[in-house]
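Take a look at this one chain, the form predicted alone, written out in structure tokens.
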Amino acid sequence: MDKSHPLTNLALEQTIDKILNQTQKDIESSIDSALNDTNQTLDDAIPKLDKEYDKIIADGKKEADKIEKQIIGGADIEARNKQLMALEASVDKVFTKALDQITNNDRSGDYANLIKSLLDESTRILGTSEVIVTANSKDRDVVQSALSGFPGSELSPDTIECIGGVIIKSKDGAMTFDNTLDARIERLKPLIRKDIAAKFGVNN
């Protein structure tokens, strides 16, 4: 049986109520404070987040531009490579056709005149007609016939492998000039290549 005084119980209840009220106020105050801090933190974070967002977008655009330039650059290189391959194919075709025509050309008429021109050019370059002339087996007759116009010259018993033309050597052996058609074509190749490149619009 509870023998405590009624006033004592009342005072205890009042004390408990007071403590509960104060505790509730403290909790509410803490919640309000935390909420305010959170809002402030968010407010402070928004400009930073906006800045980070802008930086991410800018970096992404920069990377996209870089990739685009790489793609365009790669396409340019690929296009130029195709142009150069087409150029080389055309140069090869031109030379193959020219060589076929020369190889199968009749060794009289214009070809005989060509041999005379080659001999005339060669002796002028060496400064003497006292020369030994070498030709391929197919050209020996026409060369032999042309040499009558070059006093002191003679046809070598040896033959050379070429599509046409002559190699002349001074009789003292000091000077030699390769005036075969093969050598002339090699000398002309850069000019022919340049001309074809211009038609392709390629800076070769």
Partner chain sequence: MTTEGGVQYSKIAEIKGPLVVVDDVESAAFDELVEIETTEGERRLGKVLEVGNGKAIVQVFEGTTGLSISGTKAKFVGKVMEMPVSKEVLGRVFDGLGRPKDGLPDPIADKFVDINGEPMNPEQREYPKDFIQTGVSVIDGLMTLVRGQKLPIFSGSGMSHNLLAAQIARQASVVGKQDDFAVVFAAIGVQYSEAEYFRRSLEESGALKRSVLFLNTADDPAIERIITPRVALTVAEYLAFDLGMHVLVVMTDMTNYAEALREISAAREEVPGRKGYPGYLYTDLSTIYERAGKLNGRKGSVTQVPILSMPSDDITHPIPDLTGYITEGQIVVGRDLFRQGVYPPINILMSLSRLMKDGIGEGSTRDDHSEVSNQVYDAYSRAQEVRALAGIVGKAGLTEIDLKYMDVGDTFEKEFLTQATDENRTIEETLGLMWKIVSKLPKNEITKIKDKHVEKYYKEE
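Values in this document were obtained by computation on a predicted structure and should not be read as measured data. Positions refer to the first chain, counted from 1. Superpose the two forms; the largest set of C-alphas matching within 1.5 Å is the rigid core.
Beyond what is shown, the protein has a form predicted together with its partner chain; the following relates to that form.
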- Item | Proximity to its partner chain in the model of the complex (heavy atom, within 4.5 Å), stretch among 98-106, 67-75, 111-119, 129-137 | 67-75
- Item | Residue contact check: K62 to its partner chain in the model of the complex, 4.5 Å heavy atom | yes
- Does L188 make contact with its partner chain in the model of the complex, using a 4.5 Å heavy atom cut-off? yes
- Does F150 reach its partner chain in the model of the complex if we count a contact as any heavy atom within 4.5 Å? no
- Query: Using 4.5 Å between non-hydrogen atoms, is P47 touching its partner chain in the model of the complex?
  - Reply: no
- Query: Along 84-110, which positions have a non-hydrogen atom within 4.5 Å of its partner chain in the model of the complex?
  - Reply: L84, M85, L87, E88
- CA of Q70, rigid core aligned, shift of 2 Å or more between this form and the one not shown: yes
